[in-house]
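Below you'll find only one chain, the form predicted on its own, shown as structure tokens.
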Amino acid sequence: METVATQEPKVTQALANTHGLTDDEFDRIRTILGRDPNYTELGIFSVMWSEHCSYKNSKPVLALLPRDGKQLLVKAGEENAGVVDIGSGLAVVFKIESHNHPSAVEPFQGAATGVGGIIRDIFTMGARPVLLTNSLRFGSLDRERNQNFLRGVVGGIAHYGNCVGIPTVGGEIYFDDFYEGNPLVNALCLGIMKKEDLVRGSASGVGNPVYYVGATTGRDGLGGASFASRELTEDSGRDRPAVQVGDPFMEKLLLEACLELVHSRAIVGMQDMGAAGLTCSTSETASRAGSGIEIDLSKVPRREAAMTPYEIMLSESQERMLVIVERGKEKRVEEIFEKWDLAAVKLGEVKDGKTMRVVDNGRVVANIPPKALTDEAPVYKREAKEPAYLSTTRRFDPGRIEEPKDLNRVLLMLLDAPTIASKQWIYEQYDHMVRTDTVFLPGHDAAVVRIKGMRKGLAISTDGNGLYCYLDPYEGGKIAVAEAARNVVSTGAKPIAITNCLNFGNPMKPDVFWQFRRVVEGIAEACRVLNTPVTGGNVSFYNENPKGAVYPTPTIGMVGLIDDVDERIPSFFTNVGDSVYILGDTFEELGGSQYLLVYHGVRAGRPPQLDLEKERSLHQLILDCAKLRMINSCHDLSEGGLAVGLAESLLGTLNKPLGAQVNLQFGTDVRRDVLLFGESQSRVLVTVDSAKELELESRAKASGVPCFRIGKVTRSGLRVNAWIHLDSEEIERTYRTAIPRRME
């Protein structure tokens, strides 16, 4: 059907180029339609074929990830979020997504709407969101610009989550010059539901009405998906209209209305109007169902005058949903949304055939096959080439680094580094106790929440070391999964699945695409060995500043299940007199360590090498000991190594910090700085009652896990051989004041 022309710009190849479409893609659109697209159709194709929506550069690589598991109820990519069966008739729904570019332009609203969007991805599936967490990256906190980024982003996350009433229970953050000007803001949400409440994002059932529900439509967020699919420049501040504006109080109403709608059994499908707004929600729901769909834009509630069809279809105004209602139950749906004082307007209905037809006051303004926008969007296999810098970084010999004489000073420098230091300044701005199910407060290796009304609990961790991935993308990808799993295991929970957010530079650059492919290969290998399938996630390309790409940064969101929250293990020393053990081997490894970066100013070498079979054995040992309630504390050793791990373990009490007397007799063939600050993988610190020493050692031996008794928990002071001798109060003061001092 020919579309009726509107008074909008004439579509040319040059105009298509300004929308991010290549000449070949524009020709392909004309072939699909059998004619030239009009301006609204051009906008629709441009956002749906953007990298942000179509994954046109990443799909072939993402196919390498293991996406099947007996507990998975939805395959990765099929729906808005991953769904995992946790028994007792329940399922968890979780996903992580990026909001990097918007946060670089408008930190507060960029981060706030990132939280709002990921919350909607969860309740659109029929689950009640129960927790939020995040992964953040910024440039050096010694620069005022990055301090402002941090204030804005943390303020936006806190504002939205606190107002909606969902606890932000943890997260992770790194500071490094490679993120200068292009911060990374990744938000994760997890929800719980009964399995029978699962809602699909599908426009099925010919004749079923299609409803628009929630907030009104404005010009905020216009073209956000396209904005996220290009590099930031010095002029990106002019893109402020592309940043959405959120209203968390409206989101709370929408959440409750949609969950009531799910329980009413009056709907057959539901979809968030997120990236690409009304365009994405209509085309994706129709494509999943293999149906047609028709909507009338004249019925869309709007808050701005004289909006064009192009603007209405591409707007990314927040707090809006598309609902496919079971025919005959329209009144029930309208009553529910009237009760919550929200708009619920019938826009159109599901049609027979394979067309998305958009009309405006009787005029056809778009007529496109939905699958041409989704499943049949272009896919590319990009050139991949190993970066030249690796030939230099691999030649670095840590043995040529002079060993420091004052190891006390080194430890204090590391504890003062914002990447390692206490994140209390950040998480104290979040309400982490709302809903009253948070079992472990922020600061532990992983967050733990109780499933309301049950003994079962969930542990969740986000992790990903960009410096490791910069120096060895494959090994870095493996480590990101293993460390997230180790954090979860350290609480006594069994890892069950992951979601990921893959943050990289411009995929058109062969070295960036090589990094991306190798990281994904590493993630895939670790997930297979550790049996943690990928439920879905997000790819964020074009994270660059004028100096180049950010570190290749995969963020892994790992979810674990604990059968009885009373079996949880804290991350901090708890009892004076407990014996301190290190489980796992320490090797002559310094490459990519925070010690090299912070003390020596060096980004080089090979990162620690990870043996996944040893990692799996360590996990099983900890989980077995947790079931027997043998371990009094367990703390993963990561950035800063053993010395930092010991220092952090002293600081878990609300009163005076504890101490430790440590005598390192293992690793005599390893340099002192390697032994103290190296970051060898598959290692944890544990404490046990002295009466359980022999049982721990016996179980470790049977598991093939190296086990070394290194000391005792004391009332105060950290003593490590004759090398480190520090007061606990000085350790605590340095660790807790590092970020606040820089933010004053």
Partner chain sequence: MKAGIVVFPGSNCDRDCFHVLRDVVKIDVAYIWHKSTSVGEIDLVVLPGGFSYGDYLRCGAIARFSPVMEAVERHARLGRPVLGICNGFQILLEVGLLPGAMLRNKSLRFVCKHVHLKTENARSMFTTRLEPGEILKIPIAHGEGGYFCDERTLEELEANNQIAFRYVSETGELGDEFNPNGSLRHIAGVLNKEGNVLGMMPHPERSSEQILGCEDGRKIWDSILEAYR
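Residue numbers count along the first chain shown, from 1. As the structure is a prediction and not an experimental result, all values here were calculated from the model.
Quick note: we don't show the form predicted together with its partner chain, though the next part is all about it.
Every residue of the trio Cys163, Asp341 and Val434 has some heavy atom no more than 4.5 Å from its partner chain in the predicted complex.
The chain is drawn here without its partner chain; in the predicted complex, the stretch among 547 to 555, 505 to 513, 247 to 255, 138 to 146 whose residues come within 4.5 Å of it by any heavy atom is 247 to 255. Taking a 4.5 Å heavy atom cutoff to its partner chain in the predicted complex, the contact residue among Ala377, Val439, Leu222, Ala626 is Val439. Between its partner chain and the residues His619, Arg606, Arg568, Arg603, the one pair within 4.5 Å by heavy atoms in the predicted complex involves Arg568. In the predicted complex, its partner chain stays beyond 4.5 Å of every heavy atom belonging to Phe396.
Looking at Arg518, you'd find every heavy atom of it more than 4.5 angstroms from its partner chain in the predicted complex. Of the heavy atoms in Glu403, none are within 4.5 Å of its partner chain in the predicted complex.
None of the heavy atoms of Arg200 is located within 4.5 Å of its partner chain in the predicted complex. Contacts with its partner chain in the predicted complex, taken as any heavy atom within 4.5 Å, map within 106 to 132 to Arg128 alone.
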